[in-house]
Each structure stands twice: as C-alpha cells, then as structure tokens.
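Here's a solo chain for you in structure tokens, the form predicted alone.
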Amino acid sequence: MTEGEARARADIIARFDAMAKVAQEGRRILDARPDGAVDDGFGASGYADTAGLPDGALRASLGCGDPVGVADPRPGETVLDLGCGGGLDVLLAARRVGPAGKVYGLDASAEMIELAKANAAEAGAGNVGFLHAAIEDVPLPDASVDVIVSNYVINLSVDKPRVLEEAYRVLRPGGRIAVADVIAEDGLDPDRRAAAERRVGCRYGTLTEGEYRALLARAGFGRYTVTRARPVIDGLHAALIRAGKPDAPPGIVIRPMRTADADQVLAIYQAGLDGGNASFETTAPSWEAFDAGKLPLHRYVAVEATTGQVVGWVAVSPVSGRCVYAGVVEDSVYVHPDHAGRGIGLALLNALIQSTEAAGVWTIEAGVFPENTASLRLHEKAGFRVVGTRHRLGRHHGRWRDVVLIERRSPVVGV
C-alpha cells in the first residue's frame, strides 16, 4: 500500500468511527454524504423486511440496496459481509442461515465493529462473529465461505481490484457474491462525475458497469451481472452486482491463470502433446507465444487446494480478427495425465463457458482428432455438438489425420 492509499484508508476509517459514535449515542446516521441528505432507497429504506431488528442497526444503515435478499443465503451456509457497518446485513443473513450457519461481519472501523457487536447481542444472534480488518485483506482462509455480501462499501476502497480478488479467494468453489453499490454511467464528464461522487460520499470513485465487469472477470468470476436498480444523481446509479466462483471437484480450486503458473501449465501442455492425440503440435510453445495467443480474461487453472499444484488448464484463442467473429473462440483444455478421471476437465470447461458467456462470446469451437475419444466425450458433456469431420486435414508424425469439428453455441448470448 502506498503512503497516499494509507492516508485515504485512515481518512475513511476516521469518518466511519465518527458515524458509529453518532449511532452509539442513539442518533440516526443520516448519511456518509457531506450535505447529510438521505435519498429514497438508501439506508434501512432499501430493505423489504427489517421487522424485529434492533433500532441501532437500522439507525446505522448506510446501504443502497439489499444484497442479502439478492444472495439468498441458505440454512447452514457461511456468509461474509464486507464492510458490515452497524451489522444490519449481518443480522439479516444470520436469520437465513440459521443456527447451523455462520455469518462474519468485517469492517475496518473499530467503532463500527463495537456497534455491530452490540446490535448482534441485542438481537440475540449467536451465529455471528466480527472481524476488525480491511476489505482488501480478509483474515479468513482460502475457500472458507459460501456467500459474500457488501453494501455501498466497495466504492470506498482505494484498491478495488484487490477487494474482488480477496472475495474470490475466500469463496468456496461454487460460491457467490452479491454487492449493492453505486456505479457511474459510461462517458460522464470527469468533473461532473467527480462532483456527483463527492455529493454521495463516494470519495474514492465509483466504477462504471464495464469497469465492474472487467474487474470481476480479472478476479476469476465466471458469471457476473451488473444491474442498475435506480438513478441516484447526475449519472450515478444504485446497482446490484452478482457473481459466482466456478465450481470444482473435491480438493480442487479453479482460479485465473497467472504468469507464475507458466512452467506447470507448459509441462501439462507437453504431457498432452506427448500422448499423440492432443494436437498437430508436437512441442509446447514458449510462455511468450502462449501468452500472446490466448485471450487474457478466459484462462483458468485447476489447482490442488492443499498444495497449490496446477493439475489442469483451459484457455481460448480468437478464431479470426474479422469483426463478424468477435464472439467466436477456440478452446484448449489439458489435464495432467496423473489426474484424469477426477472431473477436472469438465470443471475447467464449465468455468470457461461461464466466463466467455459473461463477456458476450456466443460460440466456442474446437478441432479434435477422432481418436481422442476422451476429449470428444468431455466436450459433449459440456454441451458441444459435432459439426463435421475434416478429412486428411494435415500430417502428424508422418501420417494424415482427420479432425472432428465441434462447437458449443451459447443458449443465452446472441439468441
């Protein structure tokens, strides 16, 4: 963290410490806005049902939506609220997960944590816990929560990519995140946008819909939506952001491919080529060539949860530079031979499908040797169909090879 970022975080914490003290004194926090105004849909007014919750939690609410209602936590699940404030979303989630579940409220303001603890005690919520920490550095293990919610907080972060990366890290495979936040329209005049952000308390900037989607993709979320709920002021909108972490077989985590994975990725690539039925290629490319040829936001690796060893990967390449093919890509999926039969390939393909569909890709295609029956079965399970066979397409190890063309047309993009 830079010195400037540290000062910004300290400023935010001081502001919320002061607001928590207002709530602790029995007064309502009007808003984080300098003019003290409250818009319809902000605070406790944004929830459908708050009956029976402590007045202190309602007075301290500064949200712009109902992320718990969107996430719909189920009995027995573990939930994390990023920037819990006075604990309203924590208490709403605690009702849903029941005594078999657990809800963590995390906040960088010590005063807000004390306020949330008091509200939880008043509500008699025994299935909650609180963490005094920043949303950019969550003190929980990898893959330890099922659901993450956050309400009008991510806009306050000086490192928004880090927030979403941490959310991805602590979610279990198949986990989900629901965020209520304020976003900006694309193309707003910078001065006008900054003035509007100051008026609504977004002191460190909002994201546009496109920026939110790009950060979610970069963090690894395979499916994500950003939906405007209502206009706020001067090109700013309250929005609901939903995203999911790809599911995976037991003991496996699917995450974005990193440069640090290069050696393991290329070794698995070479092992597949050595089998004789993976590709016309016989030698894995250099990392530089691999990196240049694959689209950056649609690369995943499967890793062992305990050791971090890469055991498989998936990526796509564009099929053409012509604009008509902008939504058509070609996939490559490889699993280490020692880890075949664990469902890793299907998990990787499903993660890829979610990622590409969220980005507007309508067709994934591949060319497979007919002798590679395992790959053909795998793609069939993932919804691919056979288009046809290109006979004697090329020579491989001194003999002509046929290639089966397969594709998956998205049922949701370009319909």
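All residue numbers refer to positions in the sequence shown, first residue = 1. This structure is a prediction, so every number in the text was calculated from the model and none was measured.
Another form, the form predicted together with a small molecule, is not on view; read the next lines as being about it.
*Asks:* Looking at the partner-bound form in the model of the complex, is E136 within 4.5 Å of the small molecule by any heavy atom?
*Replies:* E136: contacts the small molecule in the model of the complex.
*Asks:* In the model of the complex, is there a heavy atom of the small molecule that lies within 4.5 Å of any heavy atom of A351, even though the partner is absent here?
*Replies:* Flag for A351 set to no.
*Asks:* Considering only heavy atoms, tell me if I12 and the small molecule come within 4.5 Å of each other in the model of the complex.
*Replies:* Because a heavy atom of I12 falls inside 4.5 Å of the small molecule in the model of the complex, the answer is yes.
*Asks:* Just checking whether S109 would be counted as a contact of the small molecule in the model of the complex - the rule being heavy atoms within 4.5 angstroms.
*Replies:* The answer is yes: S109 has a heavy atom within 4.5 Å of the small molecule.
*Asks:* Which among 312-320, 288-296, 327-335, 147-155 is in contact with the small molecule in the model of the complex, heavy atoms within 4.5 angstroms?
*Replies:* Of the options, only 147-155 has residues within 4.5 Å of the partner.
*Asks:* Between V361, L62, L53, A366, only one gets a heavy atom within 4.5 angstroms of the small molecule in the model of the complex; which residue is that?
*Replies:* Checked against the cut-off, the match is L62.
*Asks:* So which of P246, G83, G345, G272 gets a non-hydrogen atom within 4.5 Å of the small molecule in the model of the complex?
*Replies:* Of P246, G83, G345, G272, the residue with a heavy atom within 4.5 Å of the small molecule in the model of the complex is G83.
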